[in-house]
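One chain is shown next in structure tokens, namely the form predicted on its own.
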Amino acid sequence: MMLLKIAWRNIWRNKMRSIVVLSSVAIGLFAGMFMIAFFQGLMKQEVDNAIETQLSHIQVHNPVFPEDKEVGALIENGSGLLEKFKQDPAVKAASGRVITTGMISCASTAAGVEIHGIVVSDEKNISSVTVDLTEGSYFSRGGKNEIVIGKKLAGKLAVQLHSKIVLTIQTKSGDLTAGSFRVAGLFRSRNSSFDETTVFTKQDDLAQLLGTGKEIHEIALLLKDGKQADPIAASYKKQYPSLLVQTWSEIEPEMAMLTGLMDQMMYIIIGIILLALMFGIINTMLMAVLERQREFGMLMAIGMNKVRVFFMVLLESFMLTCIGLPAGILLTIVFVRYFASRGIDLSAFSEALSQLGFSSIVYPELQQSMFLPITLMTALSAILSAIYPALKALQFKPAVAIHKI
């Protein structure tokens, strides 16, 4: 108890030095946790955006279809199966799609695209394209041969709202056919590559060109709880062994791998930040010890053993850490909440994120489970930083140290 009192008093004998140490702890913790929040928010946005615009939580196909998107690789009794999925309590929304690849062209140029034939009422519940619409409408009632395209694709083709374009595709029988469509709406999602390569038409219009009738190529499922995608998909695989049932992470394994890699990279970044923090604390505490040679000499001269001197220096660092940690956590919470609602706009610096499919406005997000490990790592770093200065204090000889000015 006496050692605690002495350590506490020693801390505030030089307030400026103590403030520097606890500020280092607070800022180090804040920097590490905010960095994690930034990248976690970035990755979550990427996953959510992919799920909302193109992947959904689960997709069901004919096993042959994903390889080269053959028009004839349809889901057997797809319409009936779609209705069954809609009745599942775990499913929030479901949509059946007719999908093919083809050429979209206008008077001046052409481009390759993936064409999604959708049922508008179903797709509205599962896709964010309606929210991303910037011009026009998401199809009109009774309108025939309408198409919704990305704003980036519209710029590439030099077309605008109500312009006529031509889709050239291969039918179910293998023949080439073409259809004239009018641009009903333009959308702009957070993924510019998706905007440039994906277009939407009404399912009946595309099916008439392809000759697929009421059959569908894909069933997309949006779950009430996305975390349950793996067990629910496993259950569907057992129920429908003749179909290919995939979660978003199976469809885009690179994205799932990137998410896991990002988590590992975060700890490396935190380690670098904490290493810099340790050197800062070592430098400050070492200066404090060297300035107090006379004090340590007096303490050892009147009978305080080296073990107590060692732990006294550690206690001082520990106490400063205990003050700095709550300050760092509070700072993190304030900044994360602020930017989580307003976002960090990086578009002024670079459009590279958008080109890679990431949003240029990042909303930091920090899971509560991250507070404990990062706090413990910061506390351990701060305490370890005090070991060398504490060992340095033990090297002072009382007779010499007392005569130090």
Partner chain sequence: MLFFSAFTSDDQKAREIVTKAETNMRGLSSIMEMTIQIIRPTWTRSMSVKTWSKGEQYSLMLVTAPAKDAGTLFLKRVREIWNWVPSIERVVKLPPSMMAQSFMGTDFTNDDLVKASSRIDDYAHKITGDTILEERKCWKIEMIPLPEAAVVWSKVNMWIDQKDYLELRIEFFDEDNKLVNSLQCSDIKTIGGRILPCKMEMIPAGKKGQKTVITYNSALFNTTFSDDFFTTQNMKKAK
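A quick note: this is a predicted structure, and the numbers were derived from the prediction, not measured. Residue numbers count along the first chain shown, from 1.
What comes next is about the form predicted in complex with the partner chain, which does not appear here.
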The listed residue (166, 234, 322, 330) that reaches within 4.5 Å of the partner chain in the predicted bound form by any heavy atom is 166
Contact residue in the predicted bound form, chosen from 224, 84, 214, 162 - any heavy atom within 4.5 Å of the partner chain: 162
Partner absent here, but in the predicted bound form, which of 215-223, 123-131, 239-247, 97-105 has residues with a heavy atom within 4.5 Å of the partner chain? 97-105
Thinking of 110, 174 and 178 as the candidate spot, does the partner chain come within 4.5 Å of a heavy atom on all of them in the predicted bound form? yes
